[in-house]
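The chain below stands alone, shown as structure tokens; this is the form predicted on its own.
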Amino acid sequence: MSAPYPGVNDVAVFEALESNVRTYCRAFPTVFRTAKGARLTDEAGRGFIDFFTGAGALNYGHNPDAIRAKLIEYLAGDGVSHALDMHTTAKRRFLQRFLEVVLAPRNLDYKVQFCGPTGANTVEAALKLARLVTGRTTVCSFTGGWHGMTSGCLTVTAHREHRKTAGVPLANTTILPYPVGPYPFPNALQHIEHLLADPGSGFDLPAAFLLETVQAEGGIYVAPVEFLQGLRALCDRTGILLMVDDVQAGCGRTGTFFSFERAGIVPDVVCLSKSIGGYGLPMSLLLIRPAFDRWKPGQHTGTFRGNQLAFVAGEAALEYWRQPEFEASIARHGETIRRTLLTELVAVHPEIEVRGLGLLWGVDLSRAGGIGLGAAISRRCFERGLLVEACGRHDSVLKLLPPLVIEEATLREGLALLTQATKDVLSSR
């Protein structure tokens, strides 16, 4: 007997066949069918505004016309679909565009390594490279930091419960205090300097510091410029590599293409993924200062490190950055979010805290209602037609990641839904 045809928004096949490990479908329990711009539609025809954007993989929105047209043209012309790390026309065009639009205007001199297609893989490559270059084993990361779920990435990820999933001791890393967060450490840089200077500290010279200049999963915490500049200077003095994980905060999310531009620093290594693929297509890059490109051929490989469709989409997405208006529009939308949250959402409860940069914003509810409030408001947002994720310690922060190309009216509509959902949940408590 054949299986019955599933009904609208039927999730039975997922429940029956998919592993328990699935996550986001539990937060957003419906069956999505179509998407365009900043909106998704499920099988029942219900619409949702997307402030989640594939956890930051869809900075240019769903199915942007200009990128889609390039993909269709490439496929219709029988363009190469898979090539490992061989030379292809699509890869050459992407590299040329990346140089012209991103690196050269910022006077950045990096070699580009194509890693396996996930953000975790670019972090894994960075960890290996730092140890290869310096001959040292320890890599330092920071409290609140999030760098991925593979074994190497978990050693530098700070989330205690996720670290436990490795199932083995996580060695050769030291987690240092981040200057801002729910447990702030404003003298973090001085603390690190003292550890390095004190021969009795028990702190060995590390291979690298790995950090997010704006922590996303950790709860939207923006590192002070002075901290970033001081850490860069410290690395210059000591020969420690400075590595920035821009997997989620890069590609324009914080208002500039790289999150570290506001500090005027140049990291030794930069991890990029998510929206560098242009269309939600998997791609990850490791940007390496030429002096540190010490790899021998084949020392870090991956079958899908040459995602040709991602090269095509990524090249098309970089066209946005040729337009001065594009970066200005991110700033305008960011100001709309900041002003609306501070005037309307904070008015719902005096203990709500707002922080962020560009189009990466957090609504901190930790003092407004206790553990679980962020997840509860996220669920209510979904019921009202808005996708927004909870993050941070105890999921107490709502993370806003609208598409960079969102229309102003849609942005305001989404913020109104967020405000009303917050009122709904708080009034029920």
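The first residue of the shown sequence is 1; numbering continues from there. Predicted model only: the values in this text are computed from it and were never measured.
Omitted here: the form predicted in complex with a small molecule. The next part is about that form.
Chemist: Quick one: does residue 274 come within 4.5 Å of the small molecule in the model of the complex, counting heavy atoms only?
Modeler: Yes.
Chemist: Taking 4.5 angstroms as the cut-off for heavy atoms, does residue 119 touch the small molecule in the model of the complex?
Modeler: Heavy-atom contact with the small molecule at 4.5 Å: present for residue 119.
Chemist: Answer with yes or no whether residue 313 is in contact with the small molecule in the model of the complex, where contact means some heavy atom within 4.5 Å.
Modeler: No.
Chemist: At the 4.5 Å heavy atom threshold, is residue 146 in contact with the small molecule in the model of the complex?
Modeler: Yes, contact at 4.5 Å.
Chemist: Using a 4.5 Å heavy atom cut-off, which residue among 317, 247, 156, 286 comes into contact with the small molecule in the model of the complex?
Modeler: Contact with the small molecule in the model of the complex is made by 247 alone.
Chemist: Choose one stretch from 146-154, 91-99, 163-171, 290-298: the one whose residues place a heavy atom within 4.5 angstroms of the small molecule in the model of the complex.
Modeler: Contact-bearing stretch, as computed: 146-154.
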